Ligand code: DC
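Listed next as structure tokens is one chain, alone, in the form predicted alone.
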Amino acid sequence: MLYETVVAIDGPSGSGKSSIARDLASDMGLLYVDTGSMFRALAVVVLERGLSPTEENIDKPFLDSLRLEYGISPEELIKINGKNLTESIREHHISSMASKISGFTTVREFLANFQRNLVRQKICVMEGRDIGTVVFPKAFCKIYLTASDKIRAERRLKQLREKGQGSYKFEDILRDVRERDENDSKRALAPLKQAEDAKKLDTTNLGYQEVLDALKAIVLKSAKEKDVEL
């Protein structure tokens, strides 16, 4: 299994990883993998079944009973047991549950194995919180994408309003972003942090195309240095 064939993009919640990673992969002819969607999909199942988010409930037998499908199409990004959860995972209330279960060893191991199986056939652009530090520590290209918490909250609020979820206030979103940062960075298992060999890109004052161009340049440079054929 060639872990090196991965562009690992990590960073805090709301830093724009999903949309930019998707476009980066599309432009460069690579496979886009949204790891956050996987945690969110599991969170949807947990909530739908009324389970308390504990490691006793979200155990290996429970996870092994779930059949994950990923990347069928943009309209069917992720399915569990045949049910398309692509729209459900983007609802704002899912974030809190996803953050809770992401700290469970069983969940992280289950999804890490699933993610590793995806890179067998093609070079992937994979984004999440610990892709370059834990899941693919030998990724040929590692990027840490970030922005100020206020900018990330503004972006998240804009997304929600575009989807018709306009009842949220900026203060609520900002609080959620800060709580997510706290949980992700201080959890005992696979905490959010920048890999030592990752290139940091702060997007606070950058436009979308500027970020995309910067990422392409980083990937091309890394591929050349590591002799990876794109």
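In case it trips you up, residue 1 is the first one in the sequence shown, and so on. Just so you know, these numbers come straight off a predicted model, no measurement behind them.
Not pictured, yet referred to below: the form predicted in complex with 2'-deoxycytidine-5'-monophosphate (DC).
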Item checked: Partner-contacting position among 141, 145, 98, 124 - heavy atom within 4.5 Å of 2'-deoxycytidine-5'-monophosphate (DC) in the model of the complex -> 98
Item checked: residue 152, heavy atom within 4.5 angstroms of 2'-deoxycytidine-5'-monophosphate (DC) in the model of the complex -> no
Notebook entry, point to check: At the 4.5 Å heavy atom threshold, is residue 133 in contact with 2'-deoxycytidine-5'-monophosphate (DC) in the model of the complex?
Noted result: no
Note to self: Does any part of residue 53 reach within 4.5 Å of 2'-deoxycytidine-5'-monophosphate (DC) in the model of the complex? Heavy atoms only, please.
What the structure shows: no
Note to self: So, residue 203 and 2'-deoxycytidine-5'-monophosphate (DC): in the model of the complex, are they within 4.5 Å at any heavy atom pair?
What the structure shows: no
Notebook entry, point to check: 2'-deoxycytidine-5'-monophosphate (DC) isn't shown here, but in the model of the complex, which of 62 to 70, 32 to 40, 194 to 202, 158 to 166 has heavy atoms within 4.5 Å of it?
Noted result: 32 to 40
Next item on the list: Scan 72 to 92 and note down the residues that get a heavy atom within 4.5 Å of 2'-deoxycytidine-5'-monophosphate (DC) in the model of the complex; none is a fine answer too.
Entry: 90
